[in-house]
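Form predicted on its own, single chain, as structure tokens, below.
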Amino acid sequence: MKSSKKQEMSDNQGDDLAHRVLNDIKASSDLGLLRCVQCGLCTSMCPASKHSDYDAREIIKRVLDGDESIIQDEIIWNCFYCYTCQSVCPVGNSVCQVTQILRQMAIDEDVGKQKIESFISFADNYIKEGLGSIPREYHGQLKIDYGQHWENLQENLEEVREQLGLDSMYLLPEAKKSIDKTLDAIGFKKRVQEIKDVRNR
């Protein structure tokens, strides 16, 4: 729920990019975006900034400047949500939160759908099984990364779980049916299809 202070800012400040970010449902009520003084502490501690041209401070500057081109800029996809920026920010800002909201704006404007389309098999797995799991297409790489032990574990996972006294990791049919209905009701399946449609454009 939005704080009264946040609502007041929204009512009085129009629809600029910074306020659209602040008013997004993903923004925490105490997000210090407007309090950013561009000290650069976020960038100095950001692992992505150390290994790419990602600049956390610059992201916030462009949002505060109302630079809408940031929504289509590749740079917003370099954050990997470690939240280091948030942990060190003296004014309670979170570039991670801001970046998540910018990505959603990019997806809403279609440009972001192309960025996430390659991960759609995770969504397909979720629709199929009702739970998060690693898609089969990634198993080959995981076998390379973790060796034969990983493959053996995957092949015998249910047996291992049984030996440990654990139930099957898969959902009961009624639970899957309930999740399936929920995914329909919240528009998840429709959204997945919209993302897949970018392949045909």
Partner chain sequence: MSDEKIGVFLCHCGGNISDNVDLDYVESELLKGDDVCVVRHHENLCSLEGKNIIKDQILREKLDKVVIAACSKITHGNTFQNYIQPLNPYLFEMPNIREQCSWVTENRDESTVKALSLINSSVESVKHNEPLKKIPTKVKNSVLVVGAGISGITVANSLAKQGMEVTLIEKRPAVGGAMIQVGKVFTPGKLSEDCAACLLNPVIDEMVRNEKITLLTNTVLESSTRNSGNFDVILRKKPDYINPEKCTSCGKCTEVCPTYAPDEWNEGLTDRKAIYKPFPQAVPSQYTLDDESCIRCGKCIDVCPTKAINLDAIDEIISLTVGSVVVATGHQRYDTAKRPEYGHPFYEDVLSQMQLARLMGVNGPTNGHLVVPSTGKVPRRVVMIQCVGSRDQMPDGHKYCSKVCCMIATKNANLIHSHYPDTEVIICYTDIRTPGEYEKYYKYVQENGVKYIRGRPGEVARVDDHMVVRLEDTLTKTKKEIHTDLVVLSAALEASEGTMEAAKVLGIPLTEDKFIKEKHPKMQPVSTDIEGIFVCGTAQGPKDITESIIQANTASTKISELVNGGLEVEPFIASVNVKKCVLCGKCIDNCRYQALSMHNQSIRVGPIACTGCGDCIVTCPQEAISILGQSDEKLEASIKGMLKNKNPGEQIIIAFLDDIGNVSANNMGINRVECPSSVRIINVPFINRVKYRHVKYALTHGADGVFLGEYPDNARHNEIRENVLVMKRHLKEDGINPDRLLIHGVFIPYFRGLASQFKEFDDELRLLNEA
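The structure presented is a predicted model; accordingly, all values stated were derived computationally and were not measured. Positions refer to the first chain, counted from 1.
The protein also exists as the form predicted together with the partner chain; that form is not presented, and the subsequent description refers to it.
**Request:** Could you check which residue among Val88, Leu131, Ile120, Cys82 gets a heavy atom within 4.5 Å of the partner chain in the predicted complex?
**Result:** Exactly one residue meets the criterion: Val88.
**Request:** Note which of Lys50, Lys26, His149, Arg136 lies within 4.5 Å of the partner chain in the predicted complex, where distance is taken over heavy atoms; exactly one does.
**Result:** Of Lys50, Lys26, His149, Arg136, the residue with a heavy atom within 4.5 Å of the partner chain in the predicted complex is Lys50.
**Asked** Does the partner chain get within 4.5 angstroms of any non-hydrogen atom of Leu64 in the predicted complex?
**Response** Heavy-atom contact with the partner chain at 4.5 Å: absent for Leu64.
**Asked** Does Val37 reach the partner chain in the predicted complex if we count a contact as any heavy atom within 4.5 Å?
**Response** Because a heavy atom of Val37 falls inside 4.5 Å of the partner chain in the predicted complex, the answer is yes.
**Asked** With the partner left out of view, is Leu41 within 4.5 angstroms of the partner chain in the predicted complex by any non-hydrogen atom?
**Response** Leu41: yes, in contact with the partner chain in the predicted complex.
**Message:** Residue-level question: is Met45 within 4.5 Å of the partner chain in the predicted complex, judged on heavy atoms?
**Reply:** Contact check for Met45: yes, within 4.5 Å of the partner chain in the predicted complex.
**Message:** Which is the contacting stretch out of 151-159, 56-64, 170-178, 136-144, given heavy atoms within 4.5 Å of the partner chain in the predicted complex?
**Reply:** Single hit among the candidates: 56-64.
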